[in-house]
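Have a look below at one chain only, the form predicted on its own, in structure tokens format.
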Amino acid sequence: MGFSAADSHPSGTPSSAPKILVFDSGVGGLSVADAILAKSPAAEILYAADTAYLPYGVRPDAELKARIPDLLAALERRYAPDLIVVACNTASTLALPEVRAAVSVPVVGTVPAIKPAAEKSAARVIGFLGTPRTVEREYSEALIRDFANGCSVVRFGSADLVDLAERKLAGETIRPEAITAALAPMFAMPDADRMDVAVLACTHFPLLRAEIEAASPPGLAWIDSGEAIARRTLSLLNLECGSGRPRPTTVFSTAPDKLRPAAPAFAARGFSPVEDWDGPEELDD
């Protein structure tokens, strides 16, 4: 059973700081939490991971579209966040309208950074690296039509990189050849040799940024949505950069044994130990 951020306040009294709930299928949302923490808003940050369904990128769309809004509605009822960040490209591109309809607080989604990539590319060839379903989804097609018209887009979906990011945060040393092997099919695709900008379209992937950059051709710039999400979050909460010190609190997981190996990575950011929650039914007890 999880407990609320107010219950975990060091002084034993509820905090008046706004609460931000960061949600992902696993550890990928930490890349977004890092971007928010870097701006140092006076906010309380909770983290929830649906590890029982990890990875989202290989789950049937209908299954996720039904599950994710219910989970976030239950989390809102139990922990009363002031804002929810869906720190997952798969969940955002699939179920963001349904999530917004299911909760009463503002929701910030994670959109693949197609627009800034297209604006930055001099070669007019961009890479789109996400999970297999994200790179194929109609939402992604619409982003490409609207913001990358005239660009060649090299799309590649990788579930292996999600697993490698999870393993990295669990303390495992990731071998460079594993990253190289995971990226090799993308770099072998037509026009890949002309890419000058590529999008990390899964929140797990910025956790491997150094490794991905080391395995990439020289001159290829990688971008993600983390900083834009942090700016939007602060704007909706009327917080300014540097206006106080953030206070990470509890980590909730639907399958805590899957997340517990990454507990040191969460602890290093100030989060408390992983707590168990089974889903909407348990949260509503």
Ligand code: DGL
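Residues carry their position along the shown sequence, with the first being 1. Because the structure is predicted, anything quoted here is derived from the model rather than measured.
Unshown form predicted together with this ligand; subsequent notes refer to it.
Annotation: in the predicted complex, residues Glu44, Val85 and Thr233 none come within 4.5 Å of this ligand through any heavy atom. The partner is absent here, but in the predicted complex a heavy atom of Pro55, alone among Gly226, Pro246, Pro55, Pro69, sits within 4.5 Å of this ligand. Heavy atoms within 4.5 Å of this ligand in the predicted complex are found in one stretch of 70-78, 97-105, 199-207, 115-123, which is 199-207. This ligand is not drawn, but in the predicted complex it has no heavy atom within 4.5 Å of Val135. Of the heavy atoms in Val162, some are within 4.5 Å of this ligand in the predicted complex.
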